[in-house]
Ligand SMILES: Cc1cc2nc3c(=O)[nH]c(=O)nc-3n(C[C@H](O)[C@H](O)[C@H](O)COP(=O)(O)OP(=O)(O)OC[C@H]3O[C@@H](n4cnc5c(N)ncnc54)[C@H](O)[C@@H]3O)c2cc1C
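Before any questions on binding or motion, here is one chain by itself as structure tokens, the form predicted alone.
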Amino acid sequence: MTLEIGIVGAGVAGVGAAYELREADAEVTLLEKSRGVGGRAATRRRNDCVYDHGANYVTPDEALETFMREIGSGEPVEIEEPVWTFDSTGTIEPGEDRDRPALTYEDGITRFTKDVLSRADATLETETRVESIGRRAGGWRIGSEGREYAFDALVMTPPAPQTAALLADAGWDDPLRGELVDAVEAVPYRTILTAVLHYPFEIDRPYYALVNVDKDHEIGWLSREECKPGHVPAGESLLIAQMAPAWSLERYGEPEETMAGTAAELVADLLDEPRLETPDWTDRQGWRHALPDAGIDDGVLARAEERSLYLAGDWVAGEGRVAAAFENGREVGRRLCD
């Protein structure tokens, strides 16, 4: 019998699960609320620039690097420059040597998700917001804008707070539901605002990015998109400033011009470069549920899977990295195949 499997979310975990199910006797459907795929592995284009404004790159192990080089139409490109560190006083120092390559693509990190999905035998339905879930005989049902889907097994991949909210309101009369909601709600998350700052001149620095190591600066991460081949025209600079969680929460509702202007002043101060206070154009992205700081108990997950409900994502893996989310999705897909 062919199984109907629903995957909520077409980020890297969702497409990882779909990829592993490509040869299973199953009809796989991905329901994605956005117009595109990738989740935080997101890319935008503007004024001849390509920029990754969420996850900045993939740091794969050897097996995943081989997979990335074999799976897609676009060859991954490596960021050669190192990542340095800075502290709350703004002191910048060289970081540790990288033991694995930092990879993206000339047309942006979203290419990874698109390439994997192109190899999966799955139906993708975008702009489909899941409004309700419920238990049905032998499986699950999904409600979305007046439409109902029926699945034999369900994979939930949205960030933990969104997954918990759907489970809390689920039509599912089982004591496990409450335990599962409590476990998912307990996963701590960071909120991050990304300020994209463009300049019509080059910035000469010996590093690709800076990361705040004591977590006591208004900026958490600052990277130079021009270090990625094919992303920024020669003679220009594009900075990705991912702001600290407390700063981001305080200013989450601010308009782009105000938020980006304040971020540019902080960047100029950190790099001791006054002309960076006035970018010629900016962009903004708010990640309400950006990065998890812990994982979830495996025992409650195993009991949920006995009811054909699976959870996947970086928050299940307990590590906010593209590679961790993808491999976790693949693991869930393999268990479904079994």
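One-based numbering along the sequence shown. These numbers were taken from a predicted model, which means no experiment stands behind them.
The form predicted in complex with the named molecule is left out here; the points below concern that form.
Novice: Using a 4.5 Å cut on heavy atoms, which of C49, L270, L31, L301 is close to the named molecule in the predicted bound form?
Specialist: Contact check passes for L31.
Novice: Using a 4.5 Å heavy atom cut-off, which residue among A290, L64, I296, L276 comes into contact with the named molecule in the predicted bound form?
Specialist: Spelling it out, the residue with a heavy atom inside the cut-off is A290.
Novice: Just to confirm, Y57 within 4.5 Å of the named molecule in the predicted bound form by heavy atoms?
Specialist: Contact check for Y57: yes, within 4.5 Å of the named molecule in the predicted bound form.
Novice: I'd like to know whether Q242 contacts the named molecule in the predicted bound form, with contact meaning heavy atoms within 4.5 angstroms.
Specialist: Although the named molecule is absent here, Q242 would touch it in the predicted bound form, with heavy atoms inside 4.5 Å.
Novice: Look up in the predicted bound form whether A41 has a non-hydrogen atom within 4.5 angstroms of the named molecule, and give yes or no.
Specialist: It does: once the named molecule is placed as it appears in the predicted bound form, A41 has a heavy atom within 4.5 Å of it.
Novice: Using 4.5 Å between non-hydrogen atoms, is R147 touching the named molecule in the predicted bound form?
Specialist: It does not: once the named molecule is placed as it appears in the predicted bound form, R147 has no heavy atom within 4.5 Å of it.
Novice: Of the listed stretches (86-94, 261-269, 127-135, 114-122), which one has a non-hydrogen atom within 4.5 Å of the named molecule in the predicted bound form?
Specialist: Among the candidates, contact is made by 127-135.
Novice: Across 163-201, which residues bring a heavy atom to within 4.5 Å of the named molecule in the predicted bound form?
Specialist: L166, I192, T194 sit within 4.5 Å of the partner.
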